[in-house]
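The chain that follows stands alone, in the form predicted alone, written as structure tokens.
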Amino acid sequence: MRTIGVLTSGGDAPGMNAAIRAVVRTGIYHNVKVMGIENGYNGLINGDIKEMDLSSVGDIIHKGGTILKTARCEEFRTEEGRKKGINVLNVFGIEGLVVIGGDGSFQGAQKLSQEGIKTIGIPGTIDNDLGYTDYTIGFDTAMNTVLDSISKIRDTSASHGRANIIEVMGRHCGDIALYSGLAGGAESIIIPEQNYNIDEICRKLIKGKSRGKLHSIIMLAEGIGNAFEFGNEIGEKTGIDTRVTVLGHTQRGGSPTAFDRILASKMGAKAVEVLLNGKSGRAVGIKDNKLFAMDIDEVISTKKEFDEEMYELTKILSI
């Protein structure tokens, strides 16, 4: 294999640049030309491709976002759109493709693999919603971004005796809310994987206030519902001044943590090595701190297992 391509697709995640850097430099180390494809599958269809060298990925390991930029592409979901992409790969002599992204990005890689294109996926998504791997690139950074916000919100909430609902990303997976809520000492964590009782949450708030608690933090994953309606209901039921903070896309930005930089570097290098060993239709993951490459069909079909023990621990520690 003499030429490989790399693209980032779907939502951006801190650490993507570190993964791009690892793919490019590992490829060059093995005397392989690396082509950077801009704007995801949309850029593949349109031929937004350039050769990358050592300087292309210099001074990017600490930067958030993705230097290759990213976009969602409805056209690539069609057979005609994928044929356009395959033709472009052939024109540029790209024999293998590394796709960095989440579930939707992996589905695109799966389709290309079925068409005979050698593809390897790297999990880059802040939601940590891919069940085959313990961690995805960007999750640790997003969690720490949320944790920093919790600390700041706690300061002002304590000054005013308020309850504060913090809405975080996680439409179908509550890991950001769960992990940051545990680390941030939240009183209640409301996530898609678990049913909740609003009266139970209100009782906990009232009991806390009666024993002199100055503030309360409630973590809410965005997939649950309208945070402001939820806040109004809690305020009406408890009489406690309740405010809502929606963190939004601040969770996607910022310099990646050391954990994400290392994870992305390992996964990027592993992806190139798998390609050069002649394997395709795989995705790189990590389990018990060990890297592996799994068949992408199995990756996509693997359901995310919810961490019941961690959830129960948050309830125990928030009494």
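Quick note: we count residues from 1 along the sequence shown, nothing fancier. Model, not experiment: these values are computed from the prediction.
Only in words, not in the display: the form predicted in complex with a small molecule, which the text now covers.
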(request) Could you spot which one of 204, 154, 82, 118 gets a heavy atom to within 4.5 Å of the small molecule in the model of the complex? (result) 82
(request) Could you spot which one of 243, 77, 237, 209 gets a heavy atom to within 4.5 Å of the small molecule in the model of the complex? (result) 77
(request) Tell me, please, which stretch of 304 to 312, 7 to 15, 21 to 29, 291 to 299 lies within 4.5 angstroms of the small molecule in the model of the complex when heavy atoms are compared? (result) 7 to 15
(request) Mark residue 136 yes when one of its heavy atoms lies within 4.5 Å of a heavy atom of the small molecule in the model of the complex, and no otherwise. (result) no
(request) Indicate whether residue 162 is a 4.5 Å heavy atom neighbour of the small molecule in the model of the complex. (result) no
(request) Please check if residue 101 has a heavy atom lying within 4.5 Å of any heavy atom of the small molecule in the model of the complex. (result) yes
(request) Indicate whether residue 111 is a 4.5 Å heavy atom neighbour of the small molecule in the model of the complex. (result) yes
